[in-house]
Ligand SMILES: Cc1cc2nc3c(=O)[nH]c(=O)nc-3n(C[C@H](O)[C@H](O)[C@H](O)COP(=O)(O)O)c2cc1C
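Have a look below at one chain only, the form predicted on its own, in structure tokens format.
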């Protein structure tokens, strides 16, 4: 009888943090912070994942300032919600998992009309704000040097708060078309000062942010960096330049890189693969202007990338061979066999999103039965529910329960 423990379920170490296995819940915006406050629903969502066996769960999109939110129903890291955040973190840790918070800022990609500091969203350059068009904010402005300094400080302050509250790790979002990604990408960064032009200049703000976060949390607190290995759009970060981006962040002192791809604003399907999310978005969209826009541009924006297991592995292996920090694989890993293959290829951890939304007991079940098959069909219907009043969930599960 073979009693060897699969590598996926063996302990791992992220900087100085001990993790009970190699499975991390990926940041998938939950839509459970109405009015900007973490809810009991959000606590239950992540506690359930902890009970299901993941080593660490990631609280998605913790904006570093109020104006860094895509909408008013996203939370941002500030003392006004410290009590709720402590309850969230404590509940997950009591259930047996570590907690990471994804630090993010929307930059020029926002539909939030309730801005506190700014008059309109700002990014590296003046830019068309497609997401904000239905909300009446179609144009985003360019950050001044003062705005950039403020943003760096906001990341540092947010990281300091996270550590004080009791988070176990922080994930800085460098990808998917949000603020730091907008500076990295030549498609959205058309600046002519020290923050634009060459890759070295385009990396200046992201690396300043990383340094500010490190200074705030100290050397023994794990920092992950989520990157887009490629934007998947003409004039954006290419697969080749993505390697150089990863190397720069590695040299900047990150403890682990999460190797994703694509941009929410231009090519989101590169990160998901599988059926287009536009159909589900049209179904749940209430704003008639936004619904019309999705029908009009959806087929061009949401491209066709058929799903297959480990669809980003070959690209991610280039990053693995180019950096010294730990590597976290994400992208089509829905079976124990897939997880074992990724870890055998030299990755340290695996992040799972959709499979854990479909079945939060994935890890526990696979530990009990290595032949366990997760029921996620990668239909991507869950992705369209981030703005739904009930938050993100698996529609297939609901339909099955209704017909049971």
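Positions refer to the first chain, counted from 1. Remember, predicted model here, so these are calculated numbers, not experimental data.
The form predicted together with this ligand is left out here; the points below concern that form.
- Stretch-level contact analysis of 186-194, 134-142, 268-276, 107-115 against this ligand in the predicted complex, using heavy atoms and a 4.5 Å limit, identifies 268-276.
- For residue 331, a non-hydrogen atom is located within 4.5 Å of this ligand in the predicted complex, even though that partner is not displayed.
- This ligand is not drawn, but in the predicted complex it has a heavy atom within 4.5 Å of residue 386.
- In the predicted complex, none of the heavy atoms of residue 150 sits within 4.5 Å of a heavy atom of this ligand.
- At a distance threshold of 4.5 angstroms between non-hydrogen atoms, residue 60 is in contact with this ligand in the predicted complex.
- Out of the listed residues 366, 342, 352, 32, 352 is the one that sits within 4.5 Å of this ligand in the predicted complex by at least one heavy atom.
- Interface residue among 336, 357, 55, 66, judged by heavy atoms within 4.5 Å of this ligand in the predicted complex: 357.
- Along 16-42, a non-hydrogen atom within 4.5 Å of this ligand in the predicted complex is carried by 26, 27, 28, 29, in order along the sequence.
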